Each structure stands twice: as C-alpha cells, then as structure tokens.
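Below you will find one chain, with nothing else, as structure tokens; this is the form predicted alone, and questions on how it binds or moves follow later.
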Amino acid sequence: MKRKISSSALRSAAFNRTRADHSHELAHDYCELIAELIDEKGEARGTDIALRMGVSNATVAKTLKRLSEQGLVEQEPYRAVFLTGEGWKLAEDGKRRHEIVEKFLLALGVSQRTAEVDSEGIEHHVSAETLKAMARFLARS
C-alpha cells in the first residue's frame, strides 16, 4: 500500500529545493558567463563580468573569491579569470539546461525575447525529470 504524502510535506520539500536551487544559481550564472566571455574574447575579466551582470566590480570580486574557494574558478590579482574543470562542467550543464528550456518555451509559442528572459530563471529550478521531459517533447516536434 502506498503511503500518501501530505500537502504540507510536499510544500516543505518544494521550498527546500527552491532554497537549494538559489544557492547554486549564482555559481551557474557566473560560470556560464565566464565560459561565454572566454569563447568570445579569449579571456574573462572582472570588469567584463560586472558589465554583463549589471553589478559592481566589488560584487564580482567577492563572488569570484567564493567561486575560487568552491574550486570553480582560478584567478590571480589583476589578471583574467579562468574556469577549473569543475567550472567548465557547471558552465556546460547550465548552457545545456538553458537551451532546452528556451527551445521548449519557443515551441509553446512564447516570443523569442520572453523565452530568453524566462529561461534564464527557469533553467535553475527545473528538475532533471522535467528537463528530460522537455527534451523528449522537443525531439518529437
């Protein structure tokens, strides 16, 4: 006999997952952007990151320090920022997730601009199961 899960337990699990997602969101966004800058310019500098993220250089420096402590980036003072192997994996995973969500929204008829903006947030919160379902849907259409 299956045990029924209470709605409060489901709500609690959802909130817990959202909090965990938020804690990883910034790292994903920074790693994706650093990879993008390296692909475009051959390097990623703190000032370029600040400009693209719309934040101060101090905010970028603080975040890069945290990402360095997490083993995702390497940086020397006044030099470019580089992704570690783990940083590249995170960036590639984020890009893949973003592309699936954006293509899915476009397939639903959402405008290009809205799909771009919405997928930036959704990509961090969609479960692996839902992401796979989106990819299967896209493969059939």
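Quantities reported herein were computed from a predicted structural model and do not represent experimental measurements. All residue numbers refer to positions in the sequence shown, first residue = 1.
The discussion below concerns the form predicted in complex with the DNA, not included here.
The three marked residues, 47, 57 and 61, each reach the DNA in the predicted bound form, with a heavy atom inside 4.5 Å.
Comparing 65-73, 103-111, 86-94, 33-41 against the DNA in the predicted bound form, the single stretch with non-hydrogen atoms within 4.5 angstroms of it is 65-73.
Within 4.5 Å of any heavy atom of the DNA in the predicted bound form lies no heavy atom of residue 51. Residues 75, 76, 77, 78, 79 of 74-103 are found to place at least one heavy atom within 4.5 Å of the DNA in the predicted bound form.
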